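A single chain comes next, written as structure tokens; it is the form predicted alone.
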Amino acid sequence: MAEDTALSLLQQYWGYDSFLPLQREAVACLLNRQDSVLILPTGGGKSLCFQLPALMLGGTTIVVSPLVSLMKDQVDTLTGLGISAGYINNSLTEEERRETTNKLQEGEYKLLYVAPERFGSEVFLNTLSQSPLSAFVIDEAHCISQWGHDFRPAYREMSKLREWFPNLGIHAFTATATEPVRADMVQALNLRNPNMLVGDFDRPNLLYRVQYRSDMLKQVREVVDRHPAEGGVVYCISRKDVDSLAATLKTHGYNVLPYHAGLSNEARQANQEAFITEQVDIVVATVAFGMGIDRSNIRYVIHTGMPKSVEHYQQEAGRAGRDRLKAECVLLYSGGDVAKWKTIMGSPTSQTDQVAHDKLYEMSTYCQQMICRHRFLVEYFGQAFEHPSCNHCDCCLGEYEALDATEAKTTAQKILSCVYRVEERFGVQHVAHVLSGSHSEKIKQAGHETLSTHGLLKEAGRKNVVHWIEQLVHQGFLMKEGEYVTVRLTPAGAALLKGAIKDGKEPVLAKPVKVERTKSDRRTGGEEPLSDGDQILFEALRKVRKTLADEKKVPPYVIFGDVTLQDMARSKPRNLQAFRGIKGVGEAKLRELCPRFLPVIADMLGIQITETEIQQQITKLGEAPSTTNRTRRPTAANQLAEKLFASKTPFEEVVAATGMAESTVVKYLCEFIQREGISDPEPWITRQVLDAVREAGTRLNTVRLRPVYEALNPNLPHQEVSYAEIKIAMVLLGNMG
């Protein structure tokens, strides 16, 4: 390839001095007239791969595109760069189409965008054959495959290109295609020994979260409020939902517009233009919106319902963070989404229909299977995910907590028993209401308030119960069927109810853990960042977790979530007793898992600990305390801490004497200071720290820790005032009035 020329044009027209991954190879394929398949996820720079070589080739590069809006945007962009380009689609008048055709035949265009339907006309094919052409690029080429997520019959017309233009290169471009789809594309387009270029499907800058939809408006607003004055797209399944949500958000003061096929062409174009030009921050839309959007600084994408395929989700969520900066993708779902899509799609009557239904199940798996979201998406598209954790999704950030095996089995049996006792005649919500102890009129009419399973899971809350029922459906212990979508036991569920395990299947249940999220720390969702030293320890703890997960053949989150490991890294418990103060450490995990983490922490602290000493500590733990009042039961360590606080013992000495985690000692110290009305900071913090916290809090007009922390430590991570000191100072200042 004339690389110097290509780089010169890249700098000249696009202002870049180097290529992104695979762009160089893709450009070479077009210049060498070698057929190719290019799979680059959104944001990977596909367009440049055919636009740049078009400048270097004689004749016109024909680009097949299904979207009118994309054609116009691309042509406007190219024209603005000084590159001659045009398009032919149904938006043109007859006179405009004739003028464009004349320019094509005269070789005035470097690129011409064409809708796939045009290739069904021999008149159009004849016109092309009489024009100076250089290459064919099939954009969104997955549409040609019946195994794909968006099969469009018009794309099958592309099979004629090889016959009509045997000497031109044909290039299939798309952002999403599994291996079967790629093979189908090659066959359908009659590609000759194509160069297969597949980019990395991982989008590490995207933070993926999946939440059970409970209060949609509240959940949407929580995400939007984390991104004030930043661009975002909110997807809904139906036009009705789009109009309703957009109107409601507007009444709450958000800068928002709707977009769906039910609007007039003028309204759709105006709303899209307003978003692209950043006159509006938020677009609430159906999936009709997005594929042709060039706005690169979309900071979040919210799905208020489950998409109908993983490919659709990858493509729609991929609109976020195309500038490779951090962005957030939140998917809200419920079990009813699958039923809604099945109603829209209808019963499968062909192989293509059945593929669509299969993909719906795969998307449901993404929602229900609590594993690393990045790993799921990358492996779905046939690539290996080499990292033990992405540290950038809800599962890896510890926002879901797995029940231990015994609790999961017991909980599942309670749910299965309730389904059996309501005679398998009711849906998910009704079963959840029974288990959570509802006394609604519907429950009373059915006589279900008298069932032995009524209120069995009251403490868990109805939302968690619904979540668990859906997980059991997905894992094959329950099934939904019938016109009214009732829940029934499967053979595996019936076996589990009787205490047996069928085909080695055991239930895995998880529940969300409430984590405070702030705009300033979207990645961890927490308030306190890890120091350099704590980050090193955290990475070492993650390796231990990965080893344990591999041994047990479970996802890492089943061992511990990242929230727990971060707490370990900050608190550095120096004995097993101290692990009881760590978030997410239950008694079973304290005995079974924490002995594997303790040596790593001890090594970081420079403490020598032998296997014999660890076994002695396990023995000293004794019987697990009652869980009914475990968190507030006064212990010998708590009582000792109180005495030491009262005698003005320095903080570090209290930690050493009690063996409690540092975070736990801070908590009890703050409670002690508040209860006793203490205003003297010494010996726990200096008066200088107290005065600094007072000044920062007054200046910023806040009592929140994070702003004060950042004001006092502007050159992080070289911190001078810790979160613990700020917490203590805030309580002291509160006592001073």
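This is a predicted model, so every value here is computed, not measured. Residue indices: 1-based, along the sequence shown.
Just so you know, the form predicted together with adenosine-5'-diphosphate (ADP) exists too; it's not on screen, but the next bit is about it.
Proximity to adenosine-5'-diphosphate (ADP) in the model of the complex, taken as a non-hydrogen atom within 4.5 angstroms, holds for one residue of G697, P66, P681, P41, which is P41. Scanning E506, D200, E379, D323 against adenosine-5'-diphosphate (ADP) in the model of the complex with a 4.5 Å heavy atom cut-off leaves one residue, D323. At a distance of at most 4.5 angstroms from adenosine-5'-diphosphate (ADP) in the model of the complex, none of the three residues P595, I618 and L621 contributes a non-hydrogen atom.
Of the candidate stretches 156-164, 357-365, 315-323, 460-468, only 315-323 has residues whose heavy atoms lie within 4.5 Å of adenosine-5'-diphosphate (ADP) in the model of the complex.
Residue contact check for S722: none of its heavy atoms lie within 4.5 Å of adenosine-5'-diphosphate (ADP) in the model of the complex. Looking at L9, you'd find every heavy atom of it more than 4.5 angstroms from adenosine-5'-diphosphate (ADP) in the model of the complex. Under a 4.5 angstroms non-hydrogen atom cutoff, adenosine-5'-diphosphate (ADP) in the model of the complex has S47 among its neighbouring residues.
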